[in-house]
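Shown here is one chain on its own, the form predicted on its own, set out as structure tokens.
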Amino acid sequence: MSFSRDASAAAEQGPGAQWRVRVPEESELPAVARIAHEALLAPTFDIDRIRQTVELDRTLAVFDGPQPVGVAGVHSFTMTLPGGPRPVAAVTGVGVWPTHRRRGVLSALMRRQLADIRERGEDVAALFASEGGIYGRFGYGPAAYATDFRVRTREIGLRPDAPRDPALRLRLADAGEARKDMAVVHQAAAAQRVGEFQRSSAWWNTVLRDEPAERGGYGPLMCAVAEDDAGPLGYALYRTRQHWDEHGATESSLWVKELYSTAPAAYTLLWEHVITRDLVCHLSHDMAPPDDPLFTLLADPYRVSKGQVDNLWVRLVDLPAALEKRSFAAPVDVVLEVSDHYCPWNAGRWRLSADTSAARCVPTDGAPDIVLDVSHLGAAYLGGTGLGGYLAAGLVSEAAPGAVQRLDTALHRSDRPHCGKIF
């Protein structure tokens, strides 16, 4: 499918209508990419690195004369959603040149980008937000969260009944040497976790990038692989940092970059490895799933200092298609009245009829059971965030008593959505 490089946002109505939006030429990419770099206060700029994962035909820029002043990109991902892996537009690299803020540039980009995503046949868009107050107005809702945690390793251990398998063995290697094993494990694990995307070779290059200037005082990436005779079952990718206090006692640290497993016993083996590394006193992990099994397997979970941060924000670009392709945990039959300023084709009343085997979402003139914004549906779409909080806050209204509870029950998943790699 091709898209015009000269398509203009001027024909659109609403904020930002005066700006022209187009796909940049290859020669313009460095100047365009620098916009996001400056807007996000990124410490380094490497256009060769950016080229490894950028999709130029999915990059949009706003120009003020010859000068690019706004940019928004998309990665074409296969992401695990409720119901299985599907194409998702992973929005990335969004920024406005500091001199052109508050002038409708971002609105023009978002409007054009959403139209392009719909034309490509992608029902769902997702992103990581740099600020919490930006993307709700464009129809995105916070749909997944992550947990950062810190712990002193000498104060913790795993429960004695944690699953263990003496047939498993552990192998420690440089990250590059273990790349194939990591890719095998991650492909299988990502297919089971809603919110994860399948990584291409270029994305593995990004994950395993290990330049000394980016290590934050830590050592090189190391990878512990848990395996049996059939192959790898899990891995822990981490760095260590040596430190001694004024008395010569170790205060060294270990930072877990990511840990994936396809078998509970392999998961136990990997965490016991990083917790019990000699000389390590402090362990940290910045993007764990909120329901990470580690928190259940710890003998004393109170010893862990945890903080929650938002993870994926989700946007339903084609509302009926997104809901019909989703799986549901329980039967539900509700009429939704949806507002959607940036995707007007979603606005209106929809009857959602679903059970555990199929779903149908069609336009209706029936009286609404729930009145809400498309961003609220985006927040609830992955099954980890309920609509009840929006109802209590007065942002969602309920005409039929109990309708929100019934819809929440149908959308709910017992596992929490999570994406382990910022894009």
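Everything numeric here is computed off the predicted structure, so don't read it as measured data. Numbering starts at 1 and follows the sequence shown.
Heads up, the form predicted together with a small molecule isn't pictured, but that's what we're talking about next.
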>> Is it the case in the predicted complex that Ala226, Trp255 and Leu269 each bring at least one heavy atom within 4.5 Å of the small molecule?
In response: no
> 319-327, 287-295, 332-340, 95-103: which one contacts the small molecule in the predicted complex at 4.5 Å, heavy atom to heavy atom?
Replying inline: 95-103
> Heavy atom to heavy atom, is Ala39 within 4.5 Å of the small molecule in the predicted complex?
Replying inline: yes
>> in the predicted complex, does Arg137 come within 4.5 Å of the small molecule, counting heavy atoms only?
In response: yes
> So in the predicted complex, does any heavy atom of Gln187 sit within 4.5 Å of the small molecule?
Replying inline: no
>> Although the partner isn't part of this model, could you tell me whether Trp204 comes within 4.5 Å of the small molecule in the predicted complex, counting any heavy atom of the residue?
In response: no
> With the small molecule left out of view, which of Phe128, Tyr218, Phe149, Trp345 would have a heavy atom within 4.5 Å of it in the predicted complex?
Replying inline: Phe128
>> Just to be sure I understand the contacts: of Pro160, Gly231, Gly133, Gly307, which is the one whose heavy atoms reach within 4.5 angstroms of the small molecule in the predicted complex?
In response: Gly133
